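Below sits a lone chain in C-alpha cells, taken as the form predicted alone.
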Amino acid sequence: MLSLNKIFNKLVKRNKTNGSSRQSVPEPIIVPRSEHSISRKQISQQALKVLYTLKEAGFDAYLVGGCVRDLLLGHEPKDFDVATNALPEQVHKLFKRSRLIGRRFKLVHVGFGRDVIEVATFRAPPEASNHVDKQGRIVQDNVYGTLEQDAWRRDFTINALYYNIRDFSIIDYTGGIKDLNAGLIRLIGDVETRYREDPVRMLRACRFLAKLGLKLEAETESGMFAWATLIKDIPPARLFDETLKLYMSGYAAVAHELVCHYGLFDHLYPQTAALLHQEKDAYPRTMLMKALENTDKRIEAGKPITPAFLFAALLWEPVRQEMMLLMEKGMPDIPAMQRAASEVVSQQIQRVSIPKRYSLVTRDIWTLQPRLIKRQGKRAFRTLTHPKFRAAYDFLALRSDAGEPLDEIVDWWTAFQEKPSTEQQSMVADLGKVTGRPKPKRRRRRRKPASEAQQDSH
C-alpha cells in the first residue's frame, strides 16, 4: 500500500539505541514529497487557499487527520481539515467569511459557498484537575499547545498525520504510517484513558472500520467491549451527529453490524436493540438491514436521503410492537400509531436526540402507514396528496420487502400513482369489489317499548 515502513523502522531502531520509548521519540518521521503520493492537485482549492493564507501570515499550517489518511490510501477525502499554531481569533481575522464555533474546543469554520474548511489550533494534553470530570471524560479542551502535543492528543495513529504546506512533506509522530501499512486502527496512548476521555472514539472506530476496511489493533478492540457502556455519558445532541455520520456516509449496513457487535447499539437505541435480540423473530433485523442497505444504494447512486427515513427505520419495531399492544386493548389503528410514536420517540431522545425537523417527518411516515393499508374512498386521494406520501410509500414497500404481507397493497399504490384521475376513481370504486370489502350498512335503531324504557331508567 505504502513504501514507508523502512523509514519508520530506521527511526525506531535509532531511538532504541538512545534508550527512548515510542511515545518519547524526540523527532517525528518526516516523509519528503518525493517519497509519498499526495499531490496538491488532489487537495481542494479552498483548503489550499486557507493553508497559503496562514503561511503568508507567518503561521504554521498543515492538512491533518482523515484527509491525509484517505489520500495516502487512495480515497477521495470528504473534508479537508487544517491545523495551525494560530489562535482561533487570529484565524478568524484572516478570513472575512469565517466564524468561531465550539464550546469544549474553539474552532474556526472558513466558508467558501457551500464548502467549509475547519481550522483548529494545536491542542495540548488536558489538565486533569480542571478539564476532566470524575469519569475521565474531557469537558474543557481549550488548551493550546505545539504540533507534537497536538499529534499525541489525537485519537488514532492513522489520523495523526500532517501534510506541511511549506515543503509538502508528511509528518508522523505516532506511527500512523506504519499502522496504515499494516491496515490497523490503533488508539494513541492508554486505551482505557482515551476511551474515558471521549467514548465517541468507539463510534469513530466503527465508522473507520466500515469505511476503510481496516482492522482494530488488539488492545483498541478489547477496550471497546470493556467500556461500551461509557457511550451513555455522551450528550444526546452529540450522539445525533454521530448517528448521522455512522448511517449516512454510504456504509450504514456494515457500520450497524459493527456497533451491534461491540455492544454500542444497546446504549444508543435500547428499545430497538432489545427487540433485535429476540432471535425467534427475524423480521426486525431484516427490516432494519434492508433499510440501511437501501440507504447505502441511494448514496452510491447520488440520490437524496433524509435522516427522518433513517429514524423511521431504526425505531420502527418498537413503534410497531407498541401499536399492536394498544390495538389489542381496543384502540383504533391510527390513534394507536400516534400514541406509540409519541412514547417511543420520547424515550429515544433521552439517549440520541432527534430534532423536530426530522421527528415530525418520521411521525408522518409512521402515521400514514395505516392509511396506506386501508385505501378507503376519498382518503386514498387525500393520502396521495400528503406532502410525505412518497416517503411513507417507500417505507411501506420496505416493509413488504422485509416480509410483511403487503405486496398487493404496494402494487395497488404503485399503479394508483401513475393513473390519470378518472382511472384512479375507478380503482377506488372497484377496491371494495376486488378485496371483497362490503359496504357498511346503517342499522335502524329499534325503539324500545315504554315498559322496557322505564326498566332501563331504573
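Here the structure is a predicted model, which means the values were calculated and not measured. Residues carry their position along the shown sequence, with the first being 1.
Here the subject shifts to the form predicted together with a small molecule, a form of this protein not shown in this document.
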Q.
With the partner left out here, check for me: in the model of the complex, does some heavy atom of Arg97 sit within 4.5 Å of the small molecule?
A. no
(Q) Since only the chain is shown here, I'm wondering whether Asp79 would be in contact with the small molecule in the model of the complex (any heavy atom pair within 4.5 Å). (A) yes
Q: Would you please decide whether Asp155 lies within 4.5 angstroms of the small molecule in the model of the complex, comparing each non-hydrogen atom pair?
A: yes
Q) Does the small molecule come within 4.5 Å of any heavy atom of Asn159 in the model of the complex? A) yes
Q. Which listed residue (Arg363, Arg196, Arg201, Lys106) meets the criterion of a heavy atom within 4.5 Å of the small molecule in the model of the complex?
A. Arg201
(Q) Can you pick out, from Phe208, Tyr173, Phe309, Tyr144, the residue that has a heavy atom within 4.5 Å of the small molecule in the model of the complex? (A) Phe208
Q: Mind telling me which stretch in 58-66, 41-49, 396-404, 410-418 gets its heavy atoms within 4.5 Å of the small molecule in the model of the complex?
A: 58-66
